[in-house]
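Below you'll find only one chain, the form predicted alone, shown as structure tokens.
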């Protein structure tokens, strides 16, 4: 397969990452179907598109015709079969739980055309843990977008030992065509590139907080005004979602059984209260005024 063979894209999962990836592809001229099992999530995703595109026109980022075409290119459906039956490239953006992803990929392998590449947007689960749920292991690859997917340029493409050169090349080319800057990992490693770097920073920041060395805002300010980061680790966590961090840490613990991999007590406290960050109005910071 070559880039020019990709006409139809399916995105599985219409949550924050999924619907933004789908909309980016639609803006770039691809026909996109985005599916989800949750009707409310699909409704919210559809409403987001209707509000986002006119805003881009008002700001001069898109012409009225480009917005109209993007709106025509994207469709939200509740049937995975309908979403994927004619897909040339599939991007899974479901919850970071390995068993769920393996079930989705087994279904995709049965429902998608044989030529279709099946990519996972997972930020933590390497595709070799998913690929053997399919009969097309050479076409299963990590294609990791960053949140918010409509804004962030980086995409990590991970070429595990099972991934063919063709699959990696096409995924890199598609990323560029989606106006992203892809980086290629030549082998699988937990956390990929950027999250490994961020994980080291976040782990140390959490230790400083838990030990009472400094508070959240002071740790963030040290990273921003000392290291030149655009935002500190706690503010970034509020943006990406404390719920995602909790789920990823728990999934890691289930894999290793190492208590050191458990989420920190303060993160657990926020998670149990439903304080997931900006999207809930409360996380490490309060957003009640927004």
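Keep in mind that what you see is a predicted model, and the values were worked out from it rather than measured. Residue numbers count along the first chain shown, from 1.
One more form of this protein exists, namely the form predicted in complex with a small molecule; it is left out here, but the text below deals with it.
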Original post:
Hey, in the predicted complex, is residue 189 touching the small molecule, heavy atoms inside 4.5 Å?
Top reply: no
Original post:
Any chance residue 15 has a heavy atom within 4.5 Å of the small molecule in the predicted complex?
Top reply: yes
Original post:
Closest heavy atom of residue 100 to the small molecule in the predicted complex, within 4.5 Å or not?
Top reply: yes
Original post:
Taking 4.5 angstroms as the cut-off for heavy atoms, does residue 238 touch the small molecule in the predicted complex?
Top reply: no
Subject >> Candidate stretches 223-231, 51-59, 31-39, 258-266 - the one whose heavy atoms come within 4.5 Å of the small molecule in the predicted complex >> reply: 31-39
Subject >> Proximity to the small molecule in the predicted complex, single hit among 178, 104, 219, 163 (heavy atom within 4.5 Å) >> reply: 104
Original post:
Which pick from 167, 123, 134, 202 sits with a heavy atom within 4.5 Å of the small molecule in the predicted complex?
Top reply: 123
